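The chain below stands alone, shown as structure tokens; this is the form predicted alone.
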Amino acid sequence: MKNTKQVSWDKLDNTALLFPVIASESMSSVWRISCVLTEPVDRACLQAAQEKVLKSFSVFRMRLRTGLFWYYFEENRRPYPPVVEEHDYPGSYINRSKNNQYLFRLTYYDCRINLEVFHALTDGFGGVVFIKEIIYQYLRLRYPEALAGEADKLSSDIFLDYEDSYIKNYRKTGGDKKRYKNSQAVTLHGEHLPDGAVGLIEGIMPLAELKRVAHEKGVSLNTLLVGVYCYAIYREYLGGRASDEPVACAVPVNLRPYYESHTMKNFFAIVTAEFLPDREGITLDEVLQIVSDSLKGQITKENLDEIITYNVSNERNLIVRLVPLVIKRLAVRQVYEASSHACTTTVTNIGRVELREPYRPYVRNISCLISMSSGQNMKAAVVAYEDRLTITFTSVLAGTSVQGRFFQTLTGLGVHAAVHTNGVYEE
């Protein structure tokens, strides 16, 4: 375990500053990572695992406070939140007053453990580090004899680094170009599910089959998924017709590999895969090439440097810093709303989650999902575990033709998919 420190208060990182401003019951800014075990969850063991692991993860022991100029974190000394059986829709709003002021929750249902996190705390990387330690500790408590040889402590190879990597990698020069578009992209409209309901469609696919198809198409695995999704929107939502507005897919990029960072705070940037359906009859291969070129042109160290510099320079602007928070909130909401329709959807890929050998036999699968945001009524999240990849679509729309076309397209390419839902579409 490396780079640990105990903190009584902390600043929000550059990305985190946005989420307290925009979060609401209808736009929770909550993401989830789930682990499916081979046997039903023992609530007492899970509660005990949380109690022990949380002592070492100060980033998860924070409460949100309101300052004069910015929000900030303060160590939360209240009792840890209770582990409860899941009873709400996935990714729902975390009511801090009902959660002992904590910004995450740990729930379970049958064989599944769910970690749900308010995005101001951390991103998928930080969540993966945390839930892996929860899983290890839980399994040691649940199966003490079988795992008797495992040390009852945090993994020795993890980092608990709480630096603000945006500030560390900020350059004072450059970043003067506007980094985000306000132009209108295709927005997915249609009949909505009942208020508060979120539909979930999850597909589990063999990783080897997806890699084979990506190789055949000459694109990365992530580009394949984003491209097939954009193609599904083009074929199903647009009916294969031309549009003056692009299908724009936001793609979060984990910045840690580019800057040798291991921070537990947020450290990602958003790039956009943009495809303009300028005519009828566009093929899947054409869409994949367009999406691939779009992403390759943005996921470069130079462009990521520019994004970091632009974002941090706005935060550090002296005039902005001296504006009271009450005014900042209004300004940030206006800017966010103005840009919220620039993307049709989001696909986030947290990559491969690897567990240590003694624990793998107890874990059947791992998945993740993200909640809705303004202008985006459908999103997707991707994670790989063992020999399979799971993509989870979340949506507030009653129709499922886009998701259906996505899986049909991959099936047509030779990818087998086991698909299931959370039952919302059957009600």
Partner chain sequence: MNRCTHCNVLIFDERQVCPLCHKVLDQAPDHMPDLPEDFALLTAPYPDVRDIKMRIRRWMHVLLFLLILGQAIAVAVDYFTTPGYWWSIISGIVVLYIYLFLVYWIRHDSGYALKVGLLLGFTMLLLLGIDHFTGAHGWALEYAIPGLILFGDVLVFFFMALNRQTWYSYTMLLLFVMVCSVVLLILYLTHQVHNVVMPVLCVCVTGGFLLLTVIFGDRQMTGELKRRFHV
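Numbering follows the first chain given and starts at 1. Please read these numbers as outputs of a predicted model, since none were measured by experiment.
If you look for the form predicted in complex with the partner chain, you will not find it shown, but the lines that follow are about it.
- None of 71-79, 214-222, 153-161, 346-354 except one has non-hydrogen atoms within 4.5 angstroms of the partner chain in the predicted complex; the exception is 71-79.
- Screening 98, 301, 189, 172 for any heavy atom within 4.5 Å of the partner chain in the predicted complex leaves a single hit, 98.
- Using a 4.5 angstroms limit between non-hydrogen atoms, residue 94 touches the partner chain in the predicted complex.
- Heavy atoms of residue 417 reach within 4.5 Å of the partner chain in the predicted complex, making it an interface residue.
- Although the partner is absent from this view, residue 148 stays clear of the partner chain in the predicted complex, with no non-hydrogen atom inside 4.5 angstroms.
- In the predicted complex, the partner chain stays beyond 4.5 Å of every heavy atom belonging to residue 58.
- Residues are counted as partner-facing when one of their heavy atoms sits within 4.5 Å of the partner chain in the predicted complex; in 358-376 these are 364, 365, in sequence order.
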